[in-house]
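Only one chain is shown below, in structure tokens, and it's the form predicted on its own.
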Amino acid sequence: MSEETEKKEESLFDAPPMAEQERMVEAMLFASAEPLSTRDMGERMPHGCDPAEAVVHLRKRYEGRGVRVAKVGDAWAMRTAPDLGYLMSRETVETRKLSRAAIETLAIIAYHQPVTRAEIEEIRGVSVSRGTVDQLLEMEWIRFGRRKMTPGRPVTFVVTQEFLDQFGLESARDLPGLKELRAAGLLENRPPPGTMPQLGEGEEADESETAPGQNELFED
């Protein structure tokens, strides 16, 4: 069967109305334990549906409500409105507490990704134990990135979509800067050189920008 014939047969059926597509997206996001991309949703919806447009309508519908449609990386999920998070505090069970080494390692990866183990150790000033990295990998807050095209081709680490979802971030660009961290009491007024991202005193740097030639240091 030719491609033109297939297209003609597919076009015999009209896509559901946008209101119905919106309901479909709402149902999937509500039932899913993990964020869903528009591609994931589109594969489950009838032919001709536009999940991206349906998400736009659904987000508007949930504006000002107790839950919202939040973007997590390149996917979407239904989450509690930020200002109502305190209502869930009694339902939160702390099952594991990160060590200081794990917190420092996670912060370095988040702000400097993609980063190798050697670079993490250089920034921290101490060696990184295998257990610390394994813990973060097991929690699925970090994952292996591309290998660096340097001698030995060391593997790099980057944060995951689960990490962004845990802290309510759309992307790594939304990480707090030095001023916010100090205001929250998470940083001393004079942090040791090299321990935190080098951001301007009056403005934040864009972590997404890549230095000239940096892409050549990594393999695809």
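Numbering starts at 1 and runs along the sequence shown. None of these values were measured; they are calculated from a predicted model.
The form predicted in complex with a further copy of the same chain exists for this protein as well; it is not shown, and the discussion that follows is about that form.
Contact here is defined as any heavy atom lying within 4.5 Å of a further copy of the same chain in the predicted bound form, and by that definition each of M28, G64 and L87 is a contact residue.
For the residues R153, R44, K60, R173, the 4.5 Å heavy atom test against a further copy of the same chain in the predicted bound form is passed only by R44. Though the partner is left out of this view, D14 does not reach within 4.5 Å of a further copy of the same chain in the predicted bound form, counting heavy atoms only. Contact check for T80: a heavy atom falls within 4.5 Å of a further copy of the same chain in the predicted bound form. In the predicted bound form, no heavy atom of T38 sits within 4.5 Å of a further copy of the same chain. Contact check for S32: a heavy atom falls within 4.5 Å of a further copy of the same chain in the predicted bound form.
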